[in-house]
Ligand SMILES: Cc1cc2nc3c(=O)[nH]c(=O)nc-3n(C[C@H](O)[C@H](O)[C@H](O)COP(=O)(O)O)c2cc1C
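Only one chain is given next, in structure tokens, and it is the form predicted on its own.
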């Protein structure tokens, strides 16, 4: 079938579904952005198609991609993304849907089998989409991700330091393998999109992978997924009021009783290493973040200790605002040769 014949307007999707029912075909449905197609997409769609007789792919329109992933996306327009998906032999039909949530399109499609990638779990599926699938009696299947395949990684590979920094004279000194470090910037504006549990777990795991003096690991983490809690903490931080509007917050604390030799300085160094790991991990996951200082401001420390009823030995070090960035600041380097001393001052 020609590629163009596979692309169905959403208004025609109901008639297509009735045709599939009449032919007694088991319909598999998945949905996604499919911006910059790669091997992971192709493998995923082939595996999805094997679960039934006809694979329907619902593709986000351009406006919803921007709402979900920020102003720099999509890279490829909705019509071109739909055409690329439709060109795959395993795909029976493609339909473009509006809005960041596919619930209405799923109700029309009525999947026999619904498929999502391994970065999701049944519990982390959008609840409106999940309710639509339950109403259709759909079987939900989670397929494994293909390691190393990521649109975000492709974009970062394209944006080498030479591209990122232009003719500043600094690009030539940068190793392109370090580009993610230069791309990590403080983000203070976020999209209205939740940070799901898999991302939260990955952030905390990255934070806890940081080095610690004599392996003492004194850091503790208070995850704020309650908007009222974030708003309350934001009130204690004069320069961090935007935390109230962030989809997620994490307060990093240190337990002085577990610090190397019980030293405050060691504890702060350990917690700072955790915070930096967390910030870099957030950037690598496509999230934005901003480090908000708490310690050593006595009022901020006292307010947070009182609010969370922290034990005497536990000291709040910082709060971090996290979410999907509404704006993506350009990468930069702050390198200053005058601050480098070779062997002597």
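Positions refer to the first chain, counted from 1. Computed from a predicted model, the values in this text were never measured in an experiment.
Below, we turn to the form predicted in complex with this ligand, even though it does not appear here.
- Taking non-hydrogen atoms only, residue 229 never approaches this ligand to within 4.5 angstroms in the model of the complex.
- In the model of the complex, none of the heavy atoms of residue 55 sits within 4.5 Å of a heavy atom of this ligand.
- By the criterion of a heavy atom within 4.5 Å, residue 141 is excluded from the residues contacting this ligand in the model of the complex.
- Although the partner is absent here, residue 242 lies within 4.5 Å of this ligand in the model of the complex, judged by heavy atoms.
- Figure note: of the listed segments 46-54, 290-298, 308-316, 25-33, the one touching this ligand in the model of the complex, with heavy atoms no more than 4.5 Å away, is 290-298.
- The contact with this ligand in the model of the complex, taken as any heavy atom within 4.5 Å, belongs to 186 out of 124, 153, 186, 257.
- Residues of 40-67 that come within 4.5 Å of this ligand in the model of the complex, judged by any heavy atom, do not exist; none qualify.
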